[in-house]
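One chain comes next, on its own, written as structure tokens: the form predicted alone.
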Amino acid sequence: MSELKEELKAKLIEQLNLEDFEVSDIEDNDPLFADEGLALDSIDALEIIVLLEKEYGIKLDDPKKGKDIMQSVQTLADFIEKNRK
């Protein structure tokens, strides 16, 4: 799982153009959308949904679940592990 989290951090940095971040800057439980975390916005959330579908073959059927799934790298990794094809 730790390998998945590292991969996910790298993909988030690349996909969301987080030029000020390195993989080592992102903790597994850092909030993705809060000011004290990565401070992502709703456009970034859409990009993450595209990333999940493109890279992991996971389609987010219920957008309301996105808030729970996208809390942190840890919650994203957990979701990917349970749903990857």
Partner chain sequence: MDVMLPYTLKNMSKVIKELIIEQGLVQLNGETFFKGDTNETVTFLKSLYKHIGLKYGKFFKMDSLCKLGFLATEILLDGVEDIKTETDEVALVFANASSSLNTDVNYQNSIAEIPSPAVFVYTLPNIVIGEISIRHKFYGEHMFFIQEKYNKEELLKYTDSLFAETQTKFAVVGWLEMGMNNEYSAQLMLCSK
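Please read these numbers as outputs of a predicted model, since none were measured by experiment. Positions refer to the first chain, counted from 1.
As for the form predicted in complex with the partner chain, it is not shown, yet the points below apply to it.
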Could you confirm whether E36 comes within 4.5 Å of the partner chain in the predicted complex, counting heavy atoms only?
no
Interface membership of D61, the partner chain in the predicted complex, 4.5 Å heavy atom rule
no
Is A10 near the partner chain? Define near as a heavy atom within 4.5 Å, in the predicted complex.
no
Proximity of E53 to the partner chain in the predicted complex, heavy atoms at 4.5 Å:
yes
Looking at the partner chain in the predicted complex, which residues in 9-32 have at least one heavy atom within 4.5 Å of it?
L16, N17, L18, E19, D20
